[in-house]
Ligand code: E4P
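What follows is a single chain, given as structure tokens, in the form predicted alone.
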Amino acid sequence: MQFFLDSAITSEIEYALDTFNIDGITTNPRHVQVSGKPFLSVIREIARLVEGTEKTVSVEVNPHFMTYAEMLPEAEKLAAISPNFVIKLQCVEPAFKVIEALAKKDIRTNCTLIFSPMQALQAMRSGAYFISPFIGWKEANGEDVQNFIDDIVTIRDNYDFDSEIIVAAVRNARQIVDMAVLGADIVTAGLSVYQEGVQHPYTVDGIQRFTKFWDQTPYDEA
């Protein structure tokens, strides 16, 4: 399973690249707003961080753009900024035609805001490089997420679609493990989720015990 970082804060991205060797980055309008920088400025900074690698950066088309005529030129403009960019399009009817058009030009897309297997199926049929089903929002609403992802994985494998599944809105390590068991290709989460996920109180306790024993044991003969 690949780990993507859900962020547009360049310092976080640098840290995650170095410490967790994250495989890609997903951004959205909220993350860009939190960065405090103009949209184009921050995505260009992120592009420089992954330049020369195969790591992808998902960047979102203006969410006000809801027609084919609006989405397509904006997607092409963003894709031209960096070969690492994958263009995020919301899961709405006009986006499917845009995804098809971009695929013919070898421009990769990430169909986002997917909340049903039917949405995922149509995005895969259209040729989306990534599809992003959201689980945190659904789980917070009391909806089942394991069957949701299992259905999407099964549909993808049944028909041998090329789309990779990025499970988004991941809130904790349990969700990461559940998605790995179900066979999702990728999870994307904030830095704190990964940091908390690799911590455990028994590990802390073990370090304290072993340090005590170490300190009471001569390192070499006197």
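No experiment lies behind these values; they were computed from the predicted model shown. So that there is no doubt, residue numbering starts at 1 and follows the sequence shown.
Separately, the form predicted in complex with the ligand exists; it is not shown, and the next lines address it.
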Which of 131-139, 146-154, 69-77, 116-124 lies within 4.5 Å of the ligand in the predicted complex, heavy atoms considered? The stretch 131-139
Using a 4.5 Å heavy atom cut-off, state whether residue 184 contacts the ligand in the predicted complex. no
Taking 4.5 angstroms as the cut-off for heavy atoms, does residue 56 touch the ligand in the predicted complex? no
Can you tell me whether residue 27 touches the ligand? I mean in the predicted complex, with a 4.5 angstroms heavy atom cut-off. yes
Though only this chain appears here, would residue 188 touch the ligand in the predicted complex if you measure heavy atom gaps against 4.5 Å? yes
In sequence order, the residues of 168-190 that place a heavy atom within 4.5 Å of the ligand in the predicted complex are 168, 169, 171, 188
